[in-house]
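In C-alpha cells, the next block holds one chain alone, the form predicted alone.
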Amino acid sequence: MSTTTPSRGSTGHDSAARDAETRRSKDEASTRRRRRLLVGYLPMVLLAGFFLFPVIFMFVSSLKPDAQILGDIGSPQAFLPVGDISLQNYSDVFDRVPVGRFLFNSVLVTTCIVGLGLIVNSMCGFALSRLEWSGRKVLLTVVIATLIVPFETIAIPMVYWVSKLPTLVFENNVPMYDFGWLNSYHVQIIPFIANAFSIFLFTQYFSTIPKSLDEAARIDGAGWFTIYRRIIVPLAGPAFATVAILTFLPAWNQYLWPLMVVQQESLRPVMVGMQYFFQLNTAWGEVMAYTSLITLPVLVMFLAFQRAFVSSIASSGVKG
C-alpha cells in the first residue's frame, strides 16, 4: 500500500493561503473594532458639540460689536470669528466694572467654602458613619430631609438672622463688638460651609471602609481624631475630590445671596457684577466678554483636574 507525500509546492501554497486568511480575519476584526468605536464615540461627540455651542457662541461673540452679534444670529456666522473682530469689548468691560476685584472676591469666597466645607462635612460624615451613639440615624435622616427645602424659602429668614449676629469690628485699632454680618466676607462663607449633601456623601463613602481598621487602631491606642486623620482621610480621596468639585460650582455661581447681603461694590463676587451690564441699553458684546472672563477660571480648573474629576465620580459611583 503506497502513501502520497505532499509536494513542497503544495505546502507553500497552503501556507500562503493560511497567511492570507489570517490577514483577512485581522482586517475584518479591525474593521469591526473601528465600527464599534465610531458607533460608540459619534453620539458622544455630537452631544459634546451640542453642549459646546453656547460656549463657542459666547467666546466668538465677545470679539464682535453689538450690531454684528445681532446680525449674525440665525446664521452659522454666529459661531465663527469673522467680520469686525477685536478685543474692544474686553477693554470696555474693565472700564465699566472692577473685574479684578470681583474675581478676587469670588476666588476667596469659593476657596474658603470648599476648604472649610471639606473639613467640617467630612468630620460630620465620620461621626455619623464610624461612631456609635444614640440618635445618629435620626440626625442623618433630618440632615437628608433638609435637601428638599429650597434655598429661596429660607433666604429671607437667613438675612434676618445674620443681621442680628454679633461681629468683631475695629475702631481706631480698638476691638469692639457690633451686630450684623451684612457687607462682609464671612456672611458669604459661613452659611454655606455645612452642606447636607456633602455630609450624606461622606457618610455613605465612609460606611464602605471596613470598621476593623478602627478597631485595630483603637487597640494601638489611637484616638478617634487620629483614626479620622491617619486612616479614613487617606482612604477617602475620591469622596473628597467629588465633594470639592460639587461644592465649587455652586459657590462660584452664587448670585441671590450676595445680592441680598452685600451692598458694597468692593465685596461683591463675579455673578453680582452681571447686573452692571443690564441697564438702559444692554451691551451684548460686553456681556459676552464678561461671561467669558468669569467662565475661563472654571474651564481651566476642569481641564487641570479632568482626570481627578472623572476618576472621583467613577469611584464614588462604584463605592457609594
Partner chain sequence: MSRKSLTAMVAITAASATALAGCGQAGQSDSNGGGGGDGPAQLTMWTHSAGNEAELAVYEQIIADFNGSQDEYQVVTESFPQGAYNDAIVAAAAAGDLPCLLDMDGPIVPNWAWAGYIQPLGIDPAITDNLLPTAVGRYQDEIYSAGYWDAALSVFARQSVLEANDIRIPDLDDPWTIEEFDAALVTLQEAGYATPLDIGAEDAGEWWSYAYSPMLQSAGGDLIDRDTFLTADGALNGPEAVEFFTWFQSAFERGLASDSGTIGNTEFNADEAALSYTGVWNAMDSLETVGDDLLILPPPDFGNGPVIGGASWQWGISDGCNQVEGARAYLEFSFQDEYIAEFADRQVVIPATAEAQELSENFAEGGPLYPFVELSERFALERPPTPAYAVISNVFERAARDIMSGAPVQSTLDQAVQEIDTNIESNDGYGF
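Only a predicted model underlies this, so the values are computations on that prediction, with no experimental measurement involved. Numbering follows the first chain given and starts at 1.
What comes next is about the form predicted in complex with its partner chain, which is not displayed.
Examine K137 and determine whether its closest non-hydrogen atom to its partner chain in the predicted bound form is within 4.5 angstroms.
No, K137 sits far enough from its partner chain in the predicted bound form that none of its heavy atoms falls within 4.5 Å.
Could you confirm whether D84 comes within 4.5 Å of its partner chain in the predicted bound form, counting heavy atoms only?
Outside the cut-off, so no.
Is there a non-hydrogen atom of L118 within 4.5 angstroms of a non-hydrogen atom of its partner chain in the predicted bound form?
No - in the predicted bound form, heavy atoms of L118 and its partner chain never come within 4.5 Å of each other.
Tell me, yes or no, whether F79 is in contact with its partner chain in the predicted bound form, where a contact means a heavy atom of each within 4.5 Å.
Answer no; every heavy atom of F79 is more than 4.5 Å from its partner chain in the predicted bound form.
Since the partner isn't included here, can you check whether its partner chain sits close to all of E28, Y41 and V45 in the predicted bound form (heavy atom within 4.5 Å for each)?
The answer is no: none of the three residues contacts the partner (heavy atom, 4.5 Å cut-off).
Could you check which residue among R96, H186, K211, R229 gets a heavy atom within 4.5 Å of its partner chain in the predicted bound form?
Flagged contact: R96.
Identify, from the list E152, E132, D220, E171, the residue with a heavy atom within 4.5 Å of its partner chain in the predicted bound form.
Contact check passes for E171.
Using a 4.5 Å heavy atom cut-off, which of 31 to 39, 291 to 299, 271 to 279, 52 to 60 contacts its partner chain in the predicted bound form?
Careful reading of the contacts points to 271 to 279.
Stretch 131 to 156 - residues with a heavy atom within 4.5 Å of its partner chain in the predicted bound form:
Counting only heavy atoms within 4.5 Å of its partner chain in the predicted bound form, the single contacting residue of 131 to 156 is I156.
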